[in-house]
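So this first bit is one chain, no partners, the form predicted alone, shown in structure tokens.
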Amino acid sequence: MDDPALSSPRHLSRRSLMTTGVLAAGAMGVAAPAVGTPLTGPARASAGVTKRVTLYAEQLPGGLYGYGLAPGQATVPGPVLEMYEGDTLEITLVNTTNQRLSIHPHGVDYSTDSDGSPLNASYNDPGETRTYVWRSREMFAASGRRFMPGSAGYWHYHDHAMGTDHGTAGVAKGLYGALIVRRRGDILPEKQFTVVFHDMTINNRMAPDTPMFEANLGQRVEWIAIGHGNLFHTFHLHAHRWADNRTGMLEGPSDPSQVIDNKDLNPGSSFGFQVLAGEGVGPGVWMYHCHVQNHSDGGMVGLFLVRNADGSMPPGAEEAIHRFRGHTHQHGR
């Protein structure tokens, strides 16, 4: 549990979005210090902002690799990258390793030289620094009373060059992270968690060493779920539910979005949603896990600790955590 490769920065309130548009969230899912001017309330940004960030790809203990916002700060998953529709994100990737690697995004626009794939000779050789440019756009009217979709959504990024031309080794070793494109007016969360299901692991861990995420009762929590690897999964969160749409929230009493608490999470897919921690059920220790039974039996399960509103531990929580950590999961089945 103390592996520095899987540790996370200290927590600050997540009800902010930086002018740089970048957040760090390590494997334990705790938000990193914000950079820039904090905003409160609905998300706001100027159109056409270009945001620049430097990422460092580093080798980590245990044969892992990760992306970080500064030297020595790489995590698994990598930092959450955020932008608004209409913004451009310029990522300078510094490869500090002896491996060929890259960064490839989902859900945004980019040219072939920012594809992050060897097909387009878009990657970093060992020790090389390279800039990738990702663009986003708002929904716009097309012919025939149709609309072209914008970029807003819960997406992700990952290596596409280590090991094979598809980055199979890089993804397996932890080179991945969340990418959020927000629509102006979106509600911002106070806490933010990234969950990556890769084969039989969660954030490259197996129970009882999987991340335990924490929030206080009533806090707005944002989950970003990402699938990788070769197995098909589902994501289930105990005692909480969300709308199966872009944000996880209903837009009105007639919103037809189905309300769910379990959703497919397969290789290459991603989704996100917001919930109020413990809303309707109270504080306690709740599981999140893959609902394929032999996957959860095999260690694809973690904990969501909802503390009391004042941050104290609710009755029975410590006992539940100890039971989880003492349970023998059937790894390898």
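For every residue, the number given is its place in the sequence shown, counted from 1. Please read these numbers as outputs of a predicted model, since none were measured by experiment.
What comes next is about the form predicted together with a further copy of the same chain, which is not displayed.
Remark: of stretches 86 to 94, 189 to 197, 106 to 114, 71 to 79, the one touching a further copy of the same chain in the predicted bound form is 106 to 114 (heavy atom within 4.5 Å).
Proximity of Glu128 to a further copy of the same chain in the predicted bound form: non-hydrogen atoms within 4.5 Å are absent; the residue sits far from the partner. a further copy of the same chain in the predicted bound form is approached by Val171, whose closest heavy atom lies within 4.5 angstroms of it. Though the partner is left out of this view, Ala152 does reach within 4.5 Å of a further copy of the same chain in the predicted bound form, counting heavy atoms only. The shortest heavy atom separation between Gly62 and a further copy of the same chain in the predicted bound form exceeds 4.5 Å. Taking a further copy of the same chain as positioned in the predicted bound form, the residues of 264 to 293 that bring a heavy atom within 4.5 Å of it are, in sequence order, Asp264, Asn266, Pro267, Gly268, Ser269, Ser270, Phe271, Gln274, Val275, Leu276, Gly278, Glu279, Gly280, Val281, Gly282, Pro283, Gly284, Val285, Trp286, Met287, His289, His291, Val292, Gln293.
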